[in-house]
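Next up, structure tokens for two forms of one chain, structure 1 and then structure 2.
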Structure 1
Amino acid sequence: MIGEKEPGGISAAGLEVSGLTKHYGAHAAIQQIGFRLERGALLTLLGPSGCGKTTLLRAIGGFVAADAGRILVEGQDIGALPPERRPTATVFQGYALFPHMSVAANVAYGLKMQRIPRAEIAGRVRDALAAVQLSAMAERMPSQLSGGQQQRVALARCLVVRPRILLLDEPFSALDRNLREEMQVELRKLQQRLGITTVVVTHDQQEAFILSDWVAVMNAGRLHQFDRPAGVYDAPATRFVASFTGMTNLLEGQAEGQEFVVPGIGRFPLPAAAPPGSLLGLRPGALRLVEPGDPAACAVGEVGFVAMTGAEALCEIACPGGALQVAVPRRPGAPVTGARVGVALAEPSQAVVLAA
């Protein structure tokens, strides 16, 4: 839980969720979800398909009726309000633009439904389009726009109603990788400039780390960790969080003094005491390759597979008791399949002790 009380007892939280639960028959889509998000922060709900993150987002927006729990926006309980009366606005995956309306008309639609005076609508639409850098395209039709431009129209349509909470459900899923990465940065800059409390659903850990002030990692309807991006990456709270965020080396063994012994693989220095039954988590980038006889080697094995991942190569090192994945810089003389190598920790503090 984060956020404090302001003077006078008014909640400083932009969004507070407590005990939120939703069942579909015997299936619990979300179970006892709770967190507190300060005003103006951006939270990503991160997890695999079917983990409950979209159900949680839709419950906040009022499109799903929760079975139990509370949803407060700036101290106001909105749980009983229908979607149109909640101080929220949602950008859905498909953008849901009206194909027969111009960009300006799409953005103005929500204000017309609220019976806002025409003169005020024109000014607010103009400001919203300027915020997403689409002023020159006000009269274009959706079919004349790129995917990234359509995404920005959908965002402008939400911004124009001046929500206190902005909800985005996989907003970049329909975009190609280059445009998706560009739009992630643009959204983050816009959100920071406007200061709107925002919740984004994604299954992409890199996207979550780029966008977020806070990350909520979910699986099977439960919240596994609510933390800063660095906390999720550096100190995953559960085995699931570690695995989902790319900690591919999860080693079973036992602590012996200041070392963690993994049968058939090797001995690794511990950054802290490890209770019985622990796992040792090592990201590929926390390891480096050395000569088999190097005193720093924690394990020795054979290069079984090498894959290029861009600036790095991912090497799978086969040891008698299992395999280790090691990320190394791509350069001349990089290891080749069949080579015998040692594996050392690049930095002992990057080893993470996890509950089994």
Structure 2
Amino acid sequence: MIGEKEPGGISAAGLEVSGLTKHYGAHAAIQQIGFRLERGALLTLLGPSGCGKTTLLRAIGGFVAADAGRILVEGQDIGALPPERRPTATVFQGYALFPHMSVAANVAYGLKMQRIPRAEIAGRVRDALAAVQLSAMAERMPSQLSGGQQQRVALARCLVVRPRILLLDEPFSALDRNLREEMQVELRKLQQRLGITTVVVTHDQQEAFILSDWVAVMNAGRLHQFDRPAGVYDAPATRFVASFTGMTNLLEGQAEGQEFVVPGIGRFPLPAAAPPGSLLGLRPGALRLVEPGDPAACAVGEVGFVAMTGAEALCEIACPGGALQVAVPRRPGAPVTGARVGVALAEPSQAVVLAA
């Protein structure tokens, strides 16, 4: 298992998955997935579409029957239970609010199923709506709400049944950018306040880093890395994790002493405790441009392409053995296409050596 940690201590983890596998015909949607998540933590399942993250979430929720493996919630194996008997609640992509019921009735739905007394239901629904700041909307129909409001109803509908595990499938993908960031923060605060073990599916690394205690990076049905967000960013465990999280310079070469030599490009200083490996990973932001003759220059090339990305500009530097991507601050005197420049490493600790 790659990057497996022990976050749960001795007591049962909030969620523990082991050996989870699901095939659709010959195609393996998820293979041998395993991790432990401590109670109250938020995990995001991060990966491109088709990587198996949604299948994994649906397996936890009970909508996909796994071929093999176990799912334990606070020590209890829930793998054989139908969805309605699992201690999980899901915020579906698109929210899946019941269109023929009011906001209050949507939120009360799960409680009615538990045959909770009417008076108690009313109180809990009121509290849940207050928690998502929708008290005024209780009698509206879902179609009368904005996307953000609908999402909060979906959240309230889950929280009100007090699940052990909260599952969210791409919860913010239907929202526009500003609202998305606002809702991400809101969800994170609410989740921390309630201390509920949560799993979120996303394809957006930014979202994963903002929300998470833990990130599980997946590709092609496999779990590549289970780590803290900083660990994923700073020390990608595989070439896939590196490139998926924006490490665009992946250079083949070999270490020679304290330097990593990339044929046709140059020599890069390595951090002190670099592991052995034949691949050097450098984020564009870990590089800077210098004069071609600067002693710090690790490589020399020609500016081929400049793109504005906001506060920074992304430059592509053509070297004889390949291109390097370098992010530079935008200020007067920025490089122009065709100029000869040197490329230096901003900070040796930001260089990552990968096995392959």
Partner chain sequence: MKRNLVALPAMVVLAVLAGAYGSFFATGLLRQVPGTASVAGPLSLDNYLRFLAGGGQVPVFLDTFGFAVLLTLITALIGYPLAYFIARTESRFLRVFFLAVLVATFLSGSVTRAYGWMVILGNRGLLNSLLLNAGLIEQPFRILYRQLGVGIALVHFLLPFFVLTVVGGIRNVPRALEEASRDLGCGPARTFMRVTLPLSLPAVAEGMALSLALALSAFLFPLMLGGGRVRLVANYIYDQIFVAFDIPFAAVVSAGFLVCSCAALLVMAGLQRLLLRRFATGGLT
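Numbers given to residues start at 1 and step along the sequence of structure 1. It should be emphasised that the depicted structure is a prediction, and the values quoted were computed from it without experimental measurement. The term rigid core refers to the maximal set of C-alpha atoms that superpose within 1.5 Å between the two forms.
- By the stated condition, namely the form predicted alone, the first structure is the one that fits.
- With the core held fixed between structures 1 and 2, Pro276 has its Cα displaced by at least 2 Å.
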